[in-house]
Every structure is written in C-alpha cells, then in structure tokens.
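Before any questions on binding or motion, here is one chain by itself as structure tokens, the form predicted alone.
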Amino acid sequence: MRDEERRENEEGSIPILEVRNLKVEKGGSMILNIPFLQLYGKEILSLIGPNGSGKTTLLQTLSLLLSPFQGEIFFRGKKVGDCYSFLEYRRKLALLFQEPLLFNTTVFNNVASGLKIRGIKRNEIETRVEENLKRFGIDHLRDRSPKTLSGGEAQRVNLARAFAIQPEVLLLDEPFASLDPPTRESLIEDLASILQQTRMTVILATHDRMEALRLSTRMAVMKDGEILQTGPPEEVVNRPMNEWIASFVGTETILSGRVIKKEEGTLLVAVEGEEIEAVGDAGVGEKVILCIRPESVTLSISTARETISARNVFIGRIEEIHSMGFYHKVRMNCGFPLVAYITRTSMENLSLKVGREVTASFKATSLHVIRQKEDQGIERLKIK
C-alpha cells in the first residue's frame, strides 16, 4: 500500500470509507479488483474511466447493492458486517443513478421520502425538504408531479432528496450523462457550489474528465475493473503513470523515443529523426514515452527561432483543423505528429489553414516523461 494513501486527513481522522481486497466476479471473470482504496471526510473522489471500466460496479458494491463480493469494507475504521450491520451502514450512504428514480407523487414528497423511511419528525422533515428545494432551485416545483419535470429538474429533485437525508457519503453514478449540454453545465455549476458549502464527502463516477476536474479533490483512473492511478486532479492530468492514462486524461501527443543525452536533469530524446528536450529522469539509451498536452504547444508563423524562448522549436505543416467550440484543435506534422489547442481569435490572427507551414514550440518543463520497458508498446485509448 502506498504511504500517501495511508495518510490521515487535515483533521487527523481515520478514513471515512476504506476497502481492502475488494473483488467481484461475473461469469467466471474478474470484473472488479481493488486491493486498497481510502476515502477521507470532505473529499470528492472522482472515479474516471471509459464505459465498462468498473465504476458503476464499484459504487454498487460499496453501497451493498451488488453481491456476492470478496473483500472487506470499513466505515470509520470499523468493519461493515461486524461492527456495523449492513442496514446501519447503508443508511449512512446515498446513491444516485444516471436516471432519476422518482415516486409518482409530488416533488415535496419525493424529497421527503428518505426522511419518512428513517422516522424523522414531521417538523424536521418540513425544514430539511424546504432547505434542499431552495438549495437546488426547485422550491417552485414542490407541488408538481415528476411526470411533468424535465430531465434536469428531475435530477435536481433526486439530488435534493439525497442531500435531505444528510448522508455521510454521497455516491453519484454518471449523474449528468443524460442531460443536454446547457442543463448539464448549469447543474454542475450549482452542484460545485453546493459541495463547497456543505463539504459533503462524495464519490463521483464519470467518463468525462472535465466533470472530474471541475468537481473533484482527488481522482482515481479506472480500467478493466482496476484502479491504475490516484492523486490530485492536476497530478493525474499532468503526470500520468502510463501512456493509456495519458491518452484518457487528454494528452493528445504521445511519442516514443530514446534518450541520447542526459545533463543536469534534462534529457535529449530522439523521436522519429528529431531531437526533443525534456525535463525528466532516464538513462542514456533508455526508451521513454513523451507526453505533450495540447495547451502546452504554442503556434506562430515566425520562422526566427531566436525570438522564441521555448527550448523545443519545430517547423510543421498543418494536416487537420477541428473546431472544438471555444477553441480549435490543430494537428500538424513536425517530423512527428503534434497537436495544439488554439483560440478562435488566434486562429484568425494567424490565418491558419490546412497545408500552411507554422512554427510550433513547447518548453522542456511542459513535457512528462514515462520510462518505457523494451517490450512495452504504446497503448493509446481511441477517443472519438
């Protein structure tokens, strides 16, 4: 187990949730294998990975909706099933699915339903329901039927119901996946603000890295039922442990090369006949993977290298340009493939078009170096 994952949180408490040797098999195949995972109070942990990576299976197992499973679950240091009964543990969690599951009654009664099941007094129910209707901006819908609600309104009701029971851990399974972009953006913005105010402990499953970056304090990248890397979002995005993770978290340029020179922490790497300078740790002759994020690449139409401060400057020809809304993705050939993101204004100012020759530059410090075994090929995730 990694030392940093055994750490205590800022309040010096034990993990609120911990799993050890958690395994789930289906049809004779292992679909979930989590040797160790901890969640601390007030953390927002994003489980990020493609469809079928095991995110939903992990959430369902943690909430005891999926059985049988092997392994142990601990809540505040006590083993579930021994020190905590399954029912007692379940009542400390709330799980929300992608599609809201609402009763055929009023919005008010839906939000109150979990409180009624728990035997909360009527006055307290009124207070909590009204508070959360206002919190999610749906107090004007209190007497409406779920059948008359939009998808975004229904998910707000779903969230209000979960917050009303004041769970110690909130589990969210792709809660925004079925919403249209404007509704989704509005709900994410409101939820981010609410989570900051309430300091709720959350596990969010998503395949959208932008959601994870927006909401989480820690990320766990999943693939084939396993967690490949955990850490703060910035660390996972900028220092991925392998090329698959790099590809999934948005590294558009992943290059294989060999170190030809090493000097004071700086490497010179031969890549497809070109030489790229990077800050990293590897020996001369060693194969490495270079990860270059598109936002780290600067484009210009000047060919005067002395006017550019970056250590890596290459002349390239634009092969593809794709509009991504607020920015454009520019794919070029510099002797090796390279991708840059550029704003619409810069696109117009530089008069960029397919076939045009440009100067691409990036700093040696902006590259991430992954040491590569001799028999290890580059495994990239194809994201459409």
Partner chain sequence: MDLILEGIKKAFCLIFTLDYEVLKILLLSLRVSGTATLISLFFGIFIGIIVALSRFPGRRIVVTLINTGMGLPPVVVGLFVTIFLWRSGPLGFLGILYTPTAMIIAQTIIATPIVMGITLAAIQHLPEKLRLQILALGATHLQMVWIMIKEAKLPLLAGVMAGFGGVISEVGASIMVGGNIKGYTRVLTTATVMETSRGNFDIAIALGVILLALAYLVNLILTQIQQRERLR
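Residue numbers count along the first chain shown, from 1. Keep in mind that this is a model prediction, so the values were computed, not measured.
There is also a form predicted together with its partner chain; it is not shown, and the following applies to it.
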Taking the partner as it appears in the model of the complex, which of 288 to 296, 179 to 187, 97 to 105, 261 to 269 has residues with heavy atoms within 4.5 Å of its partner chain?
97 to 105
In the model of the complex, do Q38, Q166 and R199 all reach within 4.5 Å of its partner chain through at least one heavy atom apiece?
no
Which residue among N238, T127, T217, S113 has a heavy atom within 4.5 angstroms of its partner chain in the model of the complex?
S113
From K223, R311, R76, R91: within 4.5 Å of its partner chain in the model of the complex by heavy atoms is R91
Interface membership of Q60, its partner chain in the model of the complex, 4.5 Å heavy atom rule
yes
Is V354 part of the interface with its partner chain in the model of the complex - any heavy atom within 4.5 Å?
no
Applying a 4.5 Å heavy atom distance criterion, does S145 contact its partner chain in the model of the complex?
yes
Considering non-hydrogen atoms and a 4.5 Å limit, does its partner chain approach K121 in the model of the complex?
no
Considering only 65 to 90, what residues come within 4.5 Å of its partner chain in the model of the complex, judged by heavy atoms?
L65, L87, R90
